[in-house]
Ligand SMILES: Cc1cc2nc3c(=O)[nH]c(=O)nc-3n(C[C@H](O)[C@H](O)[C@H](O)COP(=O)(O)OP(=O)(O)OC[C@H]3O[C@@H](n4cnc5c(N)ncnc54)[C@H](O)[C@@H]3O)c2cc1C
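Shown below, as structure tokens, is a lone chain in the form predicted alone; questions about how it binds or moves come after it.
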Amino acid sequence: MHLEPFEYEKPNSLVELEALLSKHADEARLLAGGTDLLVLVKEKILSPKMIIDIGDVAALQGITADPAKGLTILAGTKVSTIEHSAEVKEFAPALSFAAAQLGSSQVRHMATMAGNVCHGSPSAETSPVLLAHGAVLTIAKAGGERELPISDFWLAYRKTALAPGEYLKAFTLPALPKNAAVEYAFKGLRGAMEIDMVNVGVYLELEEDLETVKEVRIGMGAVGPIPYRAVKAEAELKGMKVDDAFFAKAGELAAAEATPIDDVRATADYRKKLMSVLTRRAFSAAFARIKGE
């Protein structure tokens, strides 16, 4: 297959990486695992003049957990590492589960969560969980860093808030309060190696009575041009008592806020129904987790 010519660089440090990005800006694309990027290049959807391989940048690898601050995952960390990490399983089990649904084992050993997020696909597996966690992104460039809530990262279909010369450096998932949990649910045509028809991540936090909703977040995927939160539903669900009526209402409101399309995987109507069912199931699982069940 004929490819458009491009330069290839492999920096060993953040200083080298940032210098390359500063110099080449829009002409460069980062290669972490390549499971998305190389497909787009081969299909000539993207034609970067430079590919910067960050595989040898040690400062972009690793996971740290702090009971007070939460979980930090550096952008070059492989999805398989996230899937099997003891820290992730303890502090963010829903993320571990979502990571395990991404592609095949071979893909997960190559791919990164940063690539999954920066690719901007509305059906990305990890995005709804990160939305539910209220993850904060560290975005860096030569000379500085900034933090951005992940809910502000996707601007339009496959368009992100990264400015020229910037790169995604890390994810921070705030520590969960004692009466809170995050869960993930999805539906695909097959059990593996499938793009999700619908996926959802939910955050449920209860008051001290363990019955009243204190805070709630709903991250939805594959029901719009970007992953996004059902903010209207979230506002209406706060203060409700958690019972069968709450689960039903949560599903109804999430489905109402979904804006899916018909495509080869599912109809828009079926996606709305799936969103309702999956949201109910995810909140039920989150409630059971909080109650120790």
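Note that this is a predicted model, so its numbers are computed, not measured. Numbering starts at 1 and follows the sequence shown.
This next part talks about the form predicted together with this ligand, which is not shown.
S.K.: Can you confirm whether Gly33, Glu125 and Leu162, the three residues that make up this candidate site, all sit within 4.5 Å of this ligand in the model of the complex, judged by heavy atoms?
M.R.: Heavy-atom distance to this ligand in the model of the complex: all three under 4.5 Å.
S.K.: When this ligand is placed as it is in the model of the complex, which of 80-88, 94-102, 203-211, 129-137 ends up with heavy atoms within 4.5 Å of it?
M.R.: Correct option: 94-102.
S.K.: With this ligand left out of view, which of Leu71, Ala111, Ala185, Val216 would have a heavy atom within 4.5 Å of it in the model of the complex?
M.R.: Going through each option in turn, the one that passes is Ala111.
S.K.: Heavy atom within 4.5 Å of this ligand in the model of the complex: which of Ala180, Ala142, Val107, Leu148?
M.R.: Contact residue from the list: Val107.
S.K.: Please tell me whether any heavy atom belonging to Arg29 falls inside 4.5 Å of a heavy atom of this ligand, as the geometry stands in the model of the complex.
M.R.: Result yes; Arg29 sits at the interface with this ligand in the model of the complex.
S.K.: Check Ile54 for me: does it contact this ligand in the model of the complex (non-hydrogen atoms, 4.5 angstroms)?
M.R.: Contact with this ligand, yes.
S.K.: Mark Leu173 yes when one of its heavy atoms lies within 4.5 Å of a heavy atom of this ligand in the model of the complex, and no otherwise.
M.R.: Leu173 lies outside the contact set for this ligand.
S.K.: Given that this ligand is not shown alongside this chain, does Tyr167 nevertheless sit within 4.5 Å of it in the model of the complex, heavy atom to heavy atom?
M.R.: Residue-level check for Tyr167: yes, a contact with this ligand.
S.K.: Quick one: name the residues from 263-293 with any non-hydrogen atom within 4.5 angstroms of this ligand in the model of the complex.
M.R.: The stretch does not touch the partner at all.
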